[in-house]
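Just one chain is shown here, as structure tokens, and it is the form predicted on its own.
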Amino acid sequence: MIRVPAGPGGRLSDAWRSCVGTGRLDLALRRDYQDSLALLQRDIGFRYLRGHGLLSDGLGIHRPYEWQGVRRTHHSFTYLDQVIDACLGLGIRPFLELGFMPGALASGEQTVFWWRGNVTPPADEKEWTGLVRAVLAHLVDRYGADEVRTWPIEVWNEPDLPQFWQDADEAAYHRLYEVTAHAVKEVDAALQVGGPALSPAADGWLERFAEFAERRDVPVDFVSRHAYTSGPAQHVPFGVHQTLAPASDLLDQFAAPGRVLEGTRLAGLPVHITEFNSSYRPDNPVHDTAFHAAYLAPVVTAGGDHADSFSYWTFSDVFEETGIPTALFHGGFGLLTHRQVRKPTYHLYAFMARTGEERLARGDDHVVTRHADGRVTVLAWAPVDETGRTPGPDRHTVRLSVPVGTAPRGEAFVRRSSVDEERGNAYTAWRHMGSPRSPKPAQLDVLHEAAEPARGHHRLPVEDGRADLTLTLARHEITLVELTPLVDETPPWWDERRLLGGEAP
């Protein structure tokens, strides 16, 4: 039995809800996307949303034309305004990523993704910086400087990878960052600009970025990188399988920027992990499973110890980097499928949203928090074997002595919500019904029903201000237990034994 201290051990960091990822930004024009985002914000409430494609042709901002024999540039914000308005209306702000290159401004034809984001440097640096200034000046004019100053502005995405930046040319990226950062500051010196949004494989890039920034006196307000734990892709039609490193590797990756930047000019800057997940592929079935929720639980609960934000990639399967998905469940990154079917990892985040502000205890399989009103929450999970070589125990037990309320004796009301291989797991229900690629309305109803966590309620005695809580968790289970000091308002004449009108004993 683990005795949970009655006094707080500190605050539970909410870095986990600072940001969440999305497919390219013009997807926000779709109804299914906005419905999904509304559900996400109702149950979880992220603060920022980051995605690719702000400057790509899908939003249609950069519109060059010729007039009187001279090339000129028009900037159109029709779609951008709709996207930002939709996000702000749902209580989530943009984490702006400046990319990719508009086709008419690109120096080459190399693209990434099914939707062809151009990843070459600008053909005209002056036109590029003019585009950056125009976009930010428009946002400041429309939403106000005080508001836009709260929106982080990241320069490009994973320039260390040749598929995201032509030839992974480091010197060319440094030049792009320098002119872009200065253009941002020309609009408003208080705007936050940073990068370099590196992949986990970026060996030495961050150190050299710090050296470059100091040598050139380039503005850097935050540092960003990405984190994944999957091995090489083993391809099958419309999907992949991959090995996974232990989830603790994600925490090591979160901590890496702070470690390598010690002693540099960038030491102490905010660190944003602007993408993280297990697999970097949007077609790996592991994303849909209860295993995935239990695998990430220790990361989500402890990640704030190592980074100022860590952004789950992504909130929805409305996502088309490798093409239009071929089935409702297809291994997509999303916390939600199309049609807002909640995955087990969605519930991990929804459970986190119900935890308290004070952290009382944290272990390898649990975190205990307390709300200002005295409620105590326990988020617990069954540890996983990421190698898949052993099936793991069918049951995992967590025993806690939990402080509840201020009275020495009494009872606590206990509410428990759980997700595992069978319960709160629409993916399992989908497999049981034959994995229909396009479920009929009645099947969708079943999947939404299956996605509901299992729920139970009971009372526990409180002795010496404590309740003894024993949790038996199924394989790959995550569970949230909420304990509230009980105030019993049952009238003195109520007798359950007389429910059917019998005489008092």
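Predicted model only: the values in this text are computed from it and were never measured. The numbering used is simple: start at 1 and walk along the sequence shown.
Same protein, other form: the form predicted in complex with another copy of the chain, not shown, and the subject of what follows.
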If contact means a heavy atom within 4.5 Å, which one of 362-370, 165-173, 279-287, 298-306 is the stretch that engages another copy of the chain in the model of the complex?
279-287
Checking E214, D188, E320, E178 against another copy of the chain in the model of the complex, the residue with a non-hydrogen atom inside 4.5 angstroms turns out to be E320
Considering non-hydrogen atoms and a 4.5 Å limit, which listed residue (G465, G45, P461, P64) is close to another copy of the chain in the model of the complex?
P64
Report whether the minimum heavy atom distance between Y228 and another copy of the chain in the model of the complex is within 4.5 Å.
no
So, A407 and another copy of the chain: in the model of the complex, are they within 4.5 Å at any heavy atom pair?
no
Contact of G53 with another copy of the chain in the model of the complex (heavy atom, 4.5 Å)
no
Given that the partner is absent here, does P270 sit within 4.5 Å of another copy of the chain in the model of the complex, heavy atoms only?
no
Does any residue in 430-464 get within 4.5 Å of another copy of the chain in the model of the complex, counting heavy atoms only, and if so which ones?
R431, H432, M433, G434, S435, P436, R437, S438, P439, K440, P441, A442, D445, V446, E449, A450, R455, H457, H458, R459
